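This document starts with one chain, in the form predicted on its own, laid out as structure tokens.
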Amino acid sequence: MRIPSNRLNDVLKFAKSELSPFYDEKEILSFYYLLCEHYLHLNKTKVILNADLALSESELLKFNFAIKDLKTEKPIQYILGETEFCDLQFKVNEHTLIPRPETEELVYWILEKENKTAPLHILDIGTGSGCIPISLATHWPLAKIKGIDISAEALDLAKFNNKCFNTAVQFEQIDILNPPASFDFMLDIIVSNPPYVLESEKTLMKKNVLSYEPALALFVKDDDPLLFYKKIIHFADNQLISGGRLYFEINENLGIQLIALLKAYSYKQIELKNDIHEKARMICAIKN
């Protein structure tokens, strides 16, 4: 089925009729305005004021294909190929996680706590689209920042985003579960949003995540939920300076276990922070 006319208001009617079995009206409107912004370069106000705007055949096809994809519950960010993060427009694809608001909060927390005029050495582990190190780099021009990931495809996208924003982040393919014996410089800060969703939590997740986002970047086995944190903390034994900081995004149900792990490695000033939904989703600790 295709959009019956080339008028913008009919595109909205078509979207509502096709997508209502899958989404509520608020979500459909949100998708519609995002598509208009992306394909027509019209903001919400201009869309409302130009409801009778006539679209070209190629523009109609773009909307038609997007609505078809949305019916499969494909994330709108993958349909558009981009998403906003820390006031920047990042390219995303199926090889990278879609950056979340909680991760934005982690970035802003780091920027709030640290001296942004200091030429610190920072490593982001599991960098994906590069959203964390690139966002830090835009606020922290003197820092030497590197992002690593196991996925070559994710790194290709991170490098593309790095070029788009004219930031100087370095990227390298490294598996933190099997890291190299030596790293190229000592670190002041390690930040990571590693896989922390338990396999058993899959039943709680929506189809748009399970079917489209990379499982490699999401899930960890129930019998070793802190696997990546253990590996990162062990890596930090040799690579993080004394007084250096670890910043993690975490599973809200694993904060107490992670604090115990950090204490076992003699970390001090361990701070567990809630996100805007009052869930414990971030942690910071200082190497003793």
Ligand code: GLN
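Fair warning: this is a prediction, and the values are worked out from it, not measured in the lab. The numbering used is simple: start at 1 and walk along the sequence shown.
The form predicted together with glutamine (GLN) is left out here; the points below concern that form.
In short, of 23-31, 43-51, 58-66, 215-223 it is 215-223 that has heavy atoms within 4.5 Å of glutamine (GLN) in the model of the complex. For the chain shown alone, residue 197 is a contact residue for glutamine (GLN) in the model of the complex, at least one non-hydrogen atom being within 4.5 angstroms. When contacts are judged by a 4.5 Å heavy atom cut-off, residue 139 does not count as touching glutamine (GLN) in the model of the complex.
In the model of the complex, glutamine (GLN) lies farther than 4.5 Å from every heavy atom of residue 82. Within this chain, residue 100 lines the site of glutamine (GLN) in the model of the complex, having a heavy atom no more than 4.5 Å away. Between the options 96, 161, 193, 135, the residue in contact with glutamine (GLN) in the model of the complex by a heavy atom within 4.5 angstroms is 193.
Shown without its partner, this chain lists 150, 177, 76, 205 as candidates; in the model of the complex, only 205 has a non-hydrogen atom within 4.5 angstroms of glutamine (GLN). Scanning 246-261 for heavy atoms within 4.5 Å of glutamine (GLN) in the model of the complex gives just one residue, 249.
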